[in-house]
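Consider the single chain below, provided in structure tokens and representing the form predicted on its own.
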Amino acid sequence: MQLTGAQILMRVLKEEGVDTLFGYPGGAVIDIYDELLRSGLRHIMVRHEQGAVHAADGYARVSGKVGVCLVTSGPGATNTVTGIASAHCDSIPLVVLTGQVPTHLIGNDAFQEVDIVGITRPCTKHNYLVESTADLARILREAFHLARSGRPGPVLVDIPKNVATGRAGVPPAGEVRIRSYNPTYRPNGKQLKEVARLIRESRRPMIFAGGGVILSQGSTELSRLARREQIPVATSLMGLGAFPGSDPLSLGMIGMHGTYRSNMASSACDLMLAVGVRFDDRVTGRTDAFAAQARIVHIDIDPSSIRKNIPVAVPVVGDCRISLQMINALLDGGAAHELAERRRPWLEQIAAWKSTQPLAYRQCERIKPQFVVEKIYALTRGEAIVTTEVGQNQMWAAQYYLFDRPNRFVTSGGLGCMGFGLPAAIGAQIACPERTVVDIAGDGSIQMNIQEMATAVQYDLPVKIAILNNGHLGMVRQWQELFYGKRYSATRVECAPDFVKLAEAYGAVGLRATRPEEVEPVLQEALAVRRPVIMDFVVEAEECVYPMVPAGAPITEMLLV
């Protein structure tokens, strides 16, 4: 039986377990949208294509599925690029479907024609231009396979209009095989025996866990290793939740805005077990001084990430969960008493660092942003899904909300994309309708995709937006204060809207707090209603994020409160 390209698309989406698409219609995909009406799939119409990709990203992170978005050609396609780049940096599995002009018009500067395959080649895991309806099913199945396997990432499929309307048979679904693509899941056993030996012999070990642990569903194995071997755990921004933040062995986040104990431990450890990380510059600071006393073990499924930024003693290419599982098996049966004695001085040193330089801020008559995050944590009992925008709000959320489970912290880590948090919260809320979802935002970044409030209201999504309103582009202002002689160039957010009235204009709930004693009642009211809410917290304008490592310095040289 022959089907149209649009029908083939719907059939394959269902095969792949897709239940929700995020998108925005247009001429090049009108036939696909016509078929979508009869498909039974849920479509979330966003208000901007960038919002569609961020929403699919948030959906993918908390659900563990591949996020899918559908947009038209030309500006519809180009509006997705920032979201695709963000997902690429953070290894998030997405399939982005774009419309394209008919194949016979490609290259003729037709209306709303762009070379989106060429544009996105540097920021996708792979991409396709479908040239024939007969190829569509195979390409779509490959796209989902590539997006979710190995090191995950976004895959773009560009579908010309005549491919969507043309007819072809549909080959039966089967195992996808791509000859040139064979990720290594099971690591080399000899390498792991060396890792086990180093763990047994070390006196000052630490684990550095990243987003790869969460993506591989390796958090349980990581916790088992850390607790049994009494190894403290630091996480990257993307790794928050890979190990419980409230656990006594948790060091918190490492890097430019990491905790004092985490950064100091990286300098003093004799073994660093780095799992699912890429040693980003915001983590390492000056690379020649990073973990200078340690033998570094690096476990990652992507061989190109190993030794790219930091030299390592033992490289391990493999899936993080499988690797940790095998290491745990090798370490079974160790002497607990001997281990405790060996680790005691190290754990006491870490406890001393924690007690002398804890995360702290000085309360005053104005609302401190850290206080808002602490109250959100307390009132949600640490169980919320938290999305963030980018800047100071992102760092305060990372520092003061303790994530005890994976897939609860959703942020644009590698690209640092402002405007991410609200659409990501929408995607997360759709994936987990029963959970509380809070977007911790700044008054600058929230305005980059504020139009998605209409999406939240239209689909009755009770996302809560907590704006830490300091009247500035806070992180840039902080750098100007500390390193540019307080020359504040273009960082004052002037002519900002009244966020309470703006919420009400969209049909949402608007609340405001201007004094510390108002913070908790506002949060309680927001959390009690099953509607979208914007909370405008007017916070201390000149508050800075500390600790902070100046650019180019070792991460042990921190500016403290």
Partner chain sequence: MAEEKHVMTMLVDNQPGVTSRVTGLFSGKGFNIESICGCPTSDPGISRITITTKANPPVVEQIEKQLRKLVNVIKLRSLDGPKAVRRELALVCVQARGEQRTEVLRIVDIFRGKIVDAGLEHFIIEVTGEEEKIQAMLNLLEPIGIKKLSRTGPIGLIREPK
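Because the structure is predicted, anything quoted here is derived from the model rather than measured. Residue numbers count along the first chain shown, from 1.
Not on display, but discussed next: the form predicted together with its partner chain.
- The shortest heavy atom separation between residue 106 and its partner chain in the predicted complex exceeds 4.5 Å.
- At a distance threshold of 4.5 angstroms between non-hydrogen atoms, residue 374 is out of contact with its partner chain in the predicted complex.
- Among heavy atoms of residue 450, none comes within 4.5 Å of its partner chain in the predicted complex.
- Contact annotation for residue 304: at least one heavy atom lies within 4.5 Å of its partner chain in the predicted complex.
- Comment: its partner chain is not present in this chain, but in the predicted complex one of 472, 126, 366, 257 has a heavy atom within 4.5 Å of it, namely 126.
- Interface residue among 121, 197, 405, 203, judged by heavy atoms within 4.5 Å of its partner chain in the predicted complex: 121.
- Partner contacts here mean any heavy atom within 4.5 Å of its partner chain in the predicted complex, and among 211-219, 320-328, 178-186, 240-248 they occur only in 178-186.
- Although the partner is absent from the chain shown here, none of 43, 164 and 167 has a heavy atom within 4.5 Å of its partner chain in the predicted complex.
- Taking its partner chain as it sits in the predicted complex, the stretch 142-177 comes within 4.5 angstroms of it through a non-hydrogen atom at 146, 151.
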